[in-house]
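The chain that follows stands alone, in the form predicted alone, written as structure tokens.
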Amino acid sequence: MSRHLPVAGSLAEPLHAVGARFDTPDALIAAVRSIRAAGYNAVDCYTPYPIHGLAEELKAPKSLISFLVLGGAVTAIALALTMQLVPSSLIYPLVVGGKPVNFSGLPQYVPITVALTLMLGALAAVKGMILLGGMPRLNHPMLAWDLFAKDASRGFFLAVSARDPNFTLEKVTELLETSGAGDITAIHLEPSDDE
């Protein structure tokens, strides 16, 4: 089957993906199922809100953000207790207001420890989100597609990457058409993209 697809981006640049728009979340999930069943793994979905079950269908890996937050929290607890216990117990062991100078006085260190744990955990989450999300990226190849750029806040989009080892333009187009996709487009990189 040889069908001419609308093109987004620069024809002088390599093909980035084949994109399709769906009207409903259920149609998008059904299309992801059929694309994944055909052996394609490099599939991305762009939706205006989270869709229950879509991550499972895409077989998206678990995010590392929770481990980064845990690392930030453990670091904060160790840092806060060290900064409080070492001076008050070892360097300047002064009894102030009857407070003990040994480890039996741990409750007095809880407020600062909790505050620092929340701060470093939040900073680790934000930094991890930025770095793991590939930001800052000023221009994504999908934005070359006018329909995507205009309708991303209302439509449900699917893109099959041309980097997938099984990718063939004809087969992907046929799968998307049988899935009920509207507006199937070949999305090429733009000259300013560094991919």
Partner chain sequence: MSASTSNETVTPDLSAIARPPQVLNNRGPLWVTDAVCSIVEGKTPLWWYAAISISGTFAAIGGACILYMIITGVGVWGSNSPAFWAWDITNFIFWVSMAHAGSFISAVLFLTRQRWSLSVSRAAEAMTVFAIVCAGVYPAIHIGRVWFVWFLFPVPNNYGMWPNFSSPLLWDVFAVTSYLTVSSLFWFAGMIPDLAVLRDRATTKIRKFCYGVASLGWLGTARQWRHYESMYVVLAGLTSVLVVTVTTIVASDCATSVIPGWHATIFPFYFMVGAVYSGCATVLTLLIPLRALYPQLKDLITPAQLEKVAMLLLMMASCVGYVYVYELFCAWYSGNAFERGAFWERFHGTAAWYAITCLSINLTIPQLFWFKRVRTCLPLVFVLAILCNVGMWFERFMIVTTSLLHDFLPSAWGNFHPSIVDILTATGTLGIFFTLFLLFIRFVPIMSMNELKAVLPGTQPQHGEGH
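C-alpha atoms forming the largest set that superposes within 1.5 Å between two forms make up the rigid core. Numbering follows the first chain given and starts at 1. From a predicted model like this one, the values you see are computed outputs, not experimental measurements.
There is also a form predicted in complex with the partner chain; it is not shown, and the following applies to it.
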Contact test in the predicted complex: Ser63 vs the partner chain, heavy atoms, 4.5 Å: yes
Just to confirm, Leu116 within 4.5 Å of the partner chain in the predicted complex by heavy atoms? yes
Tell me, yes or no, whether Tyr40 is in contact with the partner chain in the predicted complex, where a contact means a heavy atom of each within 4.5 Å. no
Considering non-hydrogen atoms and a 4.5 Å limit, does the partner chain approach Ile35 in the predicted complex? no
Given a 4.5 Å distance limit between heavy atoms, list every residue of 15-33 close to the partner chain in the predicted complex, or none if there are none. Pro25, Asp26, Ile29, Arg33
Once the core is aligned, does Gly71 move its Cα by at least 2 Å between this form and the one not shown? no
Could you tell me whether the Cα atom of Leu118 shifts by at least 2 Å between this form and the one not shown after core superposition? no
